[in-house]
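Given as structure tokens, the chain that follows is alone and in the form predicted on its own.
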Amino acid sequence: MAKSFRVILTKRVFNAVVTILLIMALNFALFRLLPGDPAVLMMNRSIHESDYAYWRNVEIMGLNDTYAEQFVKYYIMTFTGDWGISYQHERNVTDVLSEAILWTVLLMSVSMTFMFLVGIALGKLAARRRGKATDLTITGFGIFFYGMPVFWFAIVLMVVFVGWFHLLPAKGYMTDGVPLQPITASKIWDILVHMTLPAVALAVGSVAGVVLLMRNSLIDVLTEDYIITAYAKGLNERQVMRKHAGPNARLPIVTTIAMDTAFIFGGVFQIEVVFSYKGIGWYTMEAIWNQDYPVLQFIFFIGGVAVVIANLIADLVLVKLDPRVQIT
């Protein structure tokens, strides 16, 4: 007997919570045990390089406590949104990154929407024109861009659209010196113009993967008996694609998009550095260069949680779309 959706939901949410707790434990171990003495790292960026500065940092960061006590406090602080002080900025980590997260989420949302809509449309077109020039062109596009390094394609876009034709801005998420508030139509347009090149560079590789998967999945579905039966009942090609072939061919895409969340989150680091787009990726590179471990710890946690949640949503959507799917 098929499991009820409520049972599957409960089990998957429980697994996701356990996974997130394990990510937190690994995050604690990675940044507390490996980099060295955090109080020294923080002191080296302070103008007060003295014993007093060192012990002040030890007290602020709770390093006098045992690792077990630090571990418990780490979990408590995580759930209360307190990620400590950035070594470089000497401000609370959440204050440093709160705005950056919003810009990265906006960039990823636009890229994934583009990836989903364009990838499915091109994949369906290639499958319907199988073996013809259209199919060969789209498939060639997919193969070419699927293996292309994200940062290299970003540089190519910058050279062409910024260096040669001067059509789009080269960096940032808004024109320098323009305040975000109050939000107006002209500022929204400015944001979209600045986001064009980063979003395209980030999405193209994933679009290529979705195109290839959608094409192959749809070709397989079109050979099924129920499709032949649908044609025998008098349905035309458009009706068959919309009501029968399309919905079933999209099932693998749901899982792929969830998996691509990790790919896009990794690619956003490269894209934001190339375009000086000050989101999470840009701050990650800055934190690596400056050994700002509290910032890195927060970013690694956010990235891990994003991937877990994306896969959880994909699993649940897959069950809703196809009740035959049983997820253990």
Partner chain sequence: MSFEERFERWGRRVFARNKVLSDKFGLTGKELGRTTDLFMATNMGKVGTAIILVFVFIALAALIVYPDKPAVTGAPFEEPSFEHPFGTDYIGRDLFVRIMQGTQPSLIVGFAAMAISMVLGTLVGLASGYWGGWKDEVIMRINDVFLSIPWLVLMLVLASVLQAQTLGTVILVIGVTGWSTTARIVRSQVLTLRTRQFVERARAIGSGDWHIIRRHVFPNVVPLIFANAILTVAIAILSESTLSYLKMGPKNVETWGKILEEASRYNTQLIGPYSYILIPGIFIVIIVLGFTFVGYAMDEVLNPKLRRR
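We call the rigid core the largest set of C-alpha positions that still match within 1.5 Å between the two forms. Remember, predicted model here, so these are calculated numbers, not experimental data. Positions refer to the first chain, counted from 1.
The discussion below concerns the form predicted together with its partner chain, not included here.
**Asked** Taking heavy atoms only, is residue 81 within 4.5 angstroms of its partner chain in the predicted bound form?
**Response** No, no contact at 4.5 Å.
**Message:** Considering non-hydrogen atoms and a 4.5 Å limit, does its partner chain approach residue 28 in the predicted bound form?
**Reply:** Residue-level check for residue 28: no, no contact with its partner chain.
**Prompt:** Taking heavy atoms and a 4.5 Å cut-off, does residue 212 contact its partner chain in the predicted bound form?
**Reply:** Yes, residue 212 sits close enough to its partner chain in the predicted bound form that at least one of its heavy atoms falls within 4.5 Å.
**Message:** Given that its partner chain is not shown alongside this chain, does residue 191 nevertheless sit within 4.5 Å of it in the predicted bound form, heavy atom to heavy atom?
**Reply:** No, residue 191 stays farther than 4.5 Å from its partner chain in the predicted bound form.
**Request:** Check each of 241, 158, 125, 235 and return the one that places a heavy atom within 4.5 angstroms of its partner chain in the predicted bound form.
**Result:** Contact residue from the list: 158.
**Item:** Stretch in contact in the predicted bound form with its partner chain, which is absent here, among 86 to 94, 246 to 254, 214 to 222, 104 to 112 (heavy atoms within 4.5 Å)
**Value:** It is 214 to 222 that comes within 4.5 Å of the partner.
**Prompt:** Using a 4.5 Å heavy atom cut-off, are 116, 120 and 196 all in contact with its partner chain in the predicted bound form?
**Reply:** Per the other structure, none of 116, 120 and 196 touch its partner chain.
**Request:** Residue by residue through 268 to 285, tell me which have a non-hydrogen atom within 4.5 angstroms of its partner chain in the predicted bound form.
**Result:** Residues within 4.5 Å: 269, 270, 273, 274, 285.
**Prompt:** Is residue 129 among the residues whose Cα moves by 2 Å or more between the shown form and the other one after superposition of the rigid core?
**Reply:** Yes; that C-alpha moves by at least 2 Å between the shown form and the other one.
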